[in-house]
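Let's start with one chain on its own, the form predicted alone, as structure tokens.
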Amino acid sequence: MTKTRREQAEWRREQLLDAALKVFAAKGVDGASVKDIAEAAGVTPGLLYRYFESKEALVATLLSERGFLPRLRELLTADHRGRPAVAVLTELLGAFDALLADNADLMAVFFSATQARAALAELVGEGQRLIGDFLAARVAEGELRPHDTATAARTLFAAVAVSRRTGSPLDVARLVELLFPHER
């Protein structure tokens, strides 16, 4: 079966993202060049630029499309009525930890993306805002005690990311219990 132009373009884009992920994981974002990525994908650098305007745009696309934000949005838009906040948070953090564990290459990109700091900060900030908004809603409903929801969201994500980065095991249920004791 012949692919349409749109299907071919999408296939090529995914091929470029796959190659970029492998090259970034091997060389780090700063150490990898567009030429390296193009060679790994078997294309010319010019073709890569037709899909992504810069290496930074490529990094941002990798992190936004293959990172945790799509899953986080999905989990937070699910109907959580009747589920305790600590159960939802434990599920969210468990999913984040699993994503990091299952995607070592993506985690390497995340931690080496100094050239794409603005995009990385935006993605991390959005994730923290989503969790902070969830926490704020649960505070407003009276389920959680009033607290600095932005700091709590940062702490939750940072603890999981650092744990995974350093290879130190983390019990996410225990982390949630530590931050939100007696709130079941």
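So that there is no doubt, residue numbering starts at 1 and follows the sequence shown. Nothing here was measured: the structure is a model prediction, and the numbers come from that model.
One more form of this protein exists, namely the form predicted in complex with the DNA; it is left out here, but the text below deals with it.
* Does Gly46 reach the DNA in the predicted bound form, with heavy atoms at most 4.5 Å apart? -> Gly46: contacts the DNA in the predicted bound form.
* Asked: For Arg50, is any heavy atom within 4.5 Å of the DNA in the predicted bound form, or not?
  -> Contact check for Arg50: yes, within 4.5 Å of the DNA in the predicted bound form.
* Should Ala32 be classed as touching the DNA in the predicted bound form when contacts are defined as heavy atoms within 4.5 Å? -> Heavy-atom contact with the DNA at 4.5 Å: present for Ala32.
* Consider Arg12 of the chain shown here, and say whether it contacts the DNA in the predicted bound form, taking contact as heavy atoms within 4.5 Å. => Yes, Arg12 is a contact residue.
* Only one of 149 to 157, 60 to 68, 129 to 137, 38 to 46 gets a heavy atom within 4.5 Å of the DNA in the predicted bound form; which is it? -> Looking at the partner contacts, the answer comes out as 38 to 46.
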